[in-house]
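For reference, the chain that follows is the form predicted on its own, supplied as structure tokens.
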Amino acid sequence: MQLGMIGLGRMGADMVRRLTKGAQQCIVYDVQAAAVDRLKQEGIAGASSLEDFVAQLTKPRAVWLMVPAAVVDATLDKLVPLLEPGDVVIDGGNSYYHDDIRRGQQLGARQLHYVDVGTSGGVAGRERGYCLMIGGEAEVVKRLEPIFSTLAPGTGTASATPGRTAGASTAEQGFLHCGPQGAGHFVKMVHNGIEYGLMAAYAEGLNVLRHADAGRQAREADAETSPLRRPELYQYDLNLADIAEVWRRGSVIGSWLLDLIAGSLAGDNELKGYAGRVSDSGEGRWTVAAAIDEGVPTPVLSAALFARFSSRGEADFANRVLSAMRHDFGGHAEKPAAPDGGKQ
């Protein structure tokens, strides 16, 4: 099947490579001509403009957008006038599902089809395959199935689920039509919210282990420092790289995320190459907002989201307010920050 890909960044280019290896035909375009040239050197057809891109696609066209959520509308403004009734636009990025519903209505008024695909797999997806969560019209999704099945990991990448009937759903292959427009990105939104929580749990647990030698660290004895009542209980010098490695083998908390952690710690047990500023691209916020609308408690996912805000210094002013209040009501002097988060 032929597919046009707009956006050849971290994931878009590798998705094209996986599709091409799987005998699908791709036409590619990116605002950065160098990105197109790299794939053309690999024998993949590229376009120099959107007009050239659309002209190379066989009707009815299928165009996949793999661009940041912030530029999807601007891209559609330029692309849609070039398309014709029956063509399909697929948004495979991390768009807000509210926007999918709006875009679906707007494109539908022009007799164009819109499909939203939550795509998970990251930079490893080229080899491992991509988990795809899909929203859109059933017949259109069915038409695109050769694309989805090529991008997805396939049935052989996970063991069969006990009690589940084999072949009952394409979910076993790694792609799923979740529902109408917006459903794919809604499911991916919650997927990423869960990801925030899992990542935070690993990070916090490892931090507790890292400070298990607190009883051997010098602590000031003053009114501003809470004493460690039983320092003899915290005398461990733990090898985090080895702990992550042993957890990978038979532990109930084993996962691909843990595999990644183990790899990072193996190269740098102190992770000195990272500053600890953690970004969020929106999905965690949208998950918490949906939970509020639904009246569903999500304390873990909310805390993980707020921790990311703190990592970027967004709690600094609040902390200054706390320090000022302590000074004003109790005369408490502000202590300087300990180096390396208190780890000597």
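Position 1 is the first residue in the sequence shown; the rest follow in order. Take the two forms, superpose them, and find the largest set of C-alpha atoms that agree within 1.5 Å; that set is the rigid core. Computed from a predicted structure; not experimentally measured.
In what follows, reference is made to the form predicted together with a further copy of the same chain, a form of this protein that is not presented.
- In summary, the region of this chain contacting a further copy of the same chain in the model of the complex, judged by heavy atoms within 4.5 Å and restricted to 79-87, 142-150, 181-189, 106-114, corresponds to 181-189.
- Proximity to a further copy of the same chain in the model of the complex, taken as a non-hydrogen atom within 4.5 angstroms, holds for one residue of L57, L301, L39, M66, which is L301.
- Taking the partner from the other structure, a further copy of the same chain in the model of the complex has no heavy atom within 4.5 Å of any heavy atom of A62.
- For the chain shown alone, R326 is a contact residue for a further copy of the same chain in the model of the complex, at least one non-hydrogen atom being within 4.5 angstroms.
- Using a 4.5 angstroms limit between non-hydrogen atoms, G276 touches a further copy of the same chain in the model of the complex.
- The closest heavy atom approach of V296 to a further copy of the same chain in the model of the complex falls within 4.5 Å.
- In the model of the complex, the residues of 305-335 lying within 4.5 Å of a further copy of the same chain by at least one heavy atom are, in order, L305, F306, A307, R308, F309, S310, S311, R312, G313, E314, A315, D316, F317, A318, N319, R320, V321, L322, S323, A324, M325, R326, H327, D328, F329, G330, G331, E334, K335.
- After superposition on the rigid core, displacement of the C-alpha of H327 between the shown form and the other one amounts to 2 Å or more.
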